[in-house]
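Before any questions on how it binds or moves, here is one chain, the form predicted alone, in structure tokens.
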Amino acid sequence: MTPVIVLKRIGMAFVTVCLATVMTFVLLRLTPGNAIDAWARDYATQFGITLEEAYRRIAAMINYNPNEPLHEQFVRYISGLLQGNLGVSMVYQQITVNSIIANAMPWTIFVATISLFISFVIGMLLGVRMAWKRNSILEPSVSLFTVITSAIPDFIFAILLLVVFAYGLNWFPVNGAYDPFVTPGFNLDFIVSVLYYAAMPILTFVITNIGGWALMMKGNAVSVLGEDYIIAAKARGISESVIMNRYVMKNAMLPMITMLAITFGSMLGGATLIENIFQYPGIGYFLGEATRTRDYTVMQGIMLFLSVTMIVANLIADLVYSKLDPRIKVEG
């Protein structure tokens, strides 16, 4: 990939970020309701100031004033973004949107990373086995599983797991990120507790992603199995495990690596429903809570953050694609 193409890709990503910023700003302004009014009345009473003064102070604090003309709101919004200021939550009031994202994001990244790793490894192994044993029961079984998991929304699986394993069998907790009686830190009890509480969100993501990885890997592995060097390896009597692990899997998984970044970004964006179902305190949970309580500044900040994250993930995948697989032709 030439420097010109790289700059063009970065430029396109920048334009996409700008469009996402404008869309986030406009869409939330079209949402009915004004959460500042009640807050301003309480603030005026608490500090003994006029309602107008309370309104002005709150607008400056959260970087949002619905009574301003739209262009002035946009200038205020952009100037705040350029300073890294996403405003203050309208509901939690003393907590900034930046701190909410900073506290919630590690939990979402934790679940998404483990889910992606498990589903990728299992899907890759299944895909290679399906390509190698074309007439076995494995292929129709995995294909049927993939059709089912693709047709049913992931939050349905989340609800089923919650009903069966949390409420029914009482094997897993119904909310939280770790046992409140465990001391947070780098100790075994805390690590085990975190894994235990994250088990069902992780299982949900794994169930809904394995099939896609398996079919993708199968398609790549089938094309690799037709290569001359695979036929030569079989003719030389090289063992099945060596051919599968060293030759087929290594070459077939190459295009899939670039999909990891895209899938990771999609999982972050799709975490809202699953984290709300399990009451897991990740970024999706706080986005759902902000939507329910009309906390516009938090909604705006999280939506913009997720949009930028997905755009950057797609840009990284695009840039490394030709590096990982030289057979791919990159067009400017």
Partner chain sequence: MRGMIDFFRIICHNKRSLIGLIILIIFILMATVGPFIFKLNMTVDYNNRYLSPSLEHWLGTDFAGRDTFIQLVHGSKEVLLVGLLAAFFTLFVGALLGTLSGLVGGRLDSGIMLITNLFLTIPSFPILIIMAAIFSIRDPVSFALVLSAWSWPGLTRAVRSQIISLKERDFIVICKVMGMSKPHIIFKELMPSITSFLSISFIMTMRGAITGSVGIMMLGLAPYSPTNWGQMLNLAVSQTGGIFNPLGFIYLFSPILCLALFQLGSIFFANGIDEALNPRLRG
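Residue numbers count along the first chain shown, from 1. Computed from a predicted structure; not experimentally measured.
The protein also exists as the form predicted in complex with its partner chain; that form is not presented, and the subsequent description refers to it.
> Determine which one of 72-80, 125-133, 203-211, 149-157 lies within 4.5 Å of its partner chain in the predicted bound form, judging by heavy atom distances; exactly one does.
It is 149-157 that comes within 4.5 Å of the partner.
> Decide whether residue 296 counts as a contact residue for its partner chain in the predicted bound form under a heavy atom distance cut-off of 4.5 Å.
Looking in the predicted bound form, residue contacts with its partner chain include residue 296, since a heavy atom lies within 4.5 Å.
> With the partner left out of view, is residue 65 within 4.5 angstroms of its partner chain in the predicted bound form by any non-hydrogen atom?
Heavy-atom contact with its partner chain at 4.5 Å: absent for residue 65.
> Can any non-hydrogen atom of residue 51 be found within 4.5 angstroms of its partner chain in the predicted bound form?
Flag for residue 51 set to no.
> Should residue 273 be classed as touching its partner chain in the predicted bound form when contacts are defined as heavy atoms within 4.5 Å?
Result yes; residue 273 sits at the interface with its partner chain in the predicted bound form.
> Of 199, 162, 253, 105, which residue is found within 4.5 angstroms of its partner chain in the predicted bound form when only non-hydrogen atoms are counted?
Checked against the cut-off, the match is 162.
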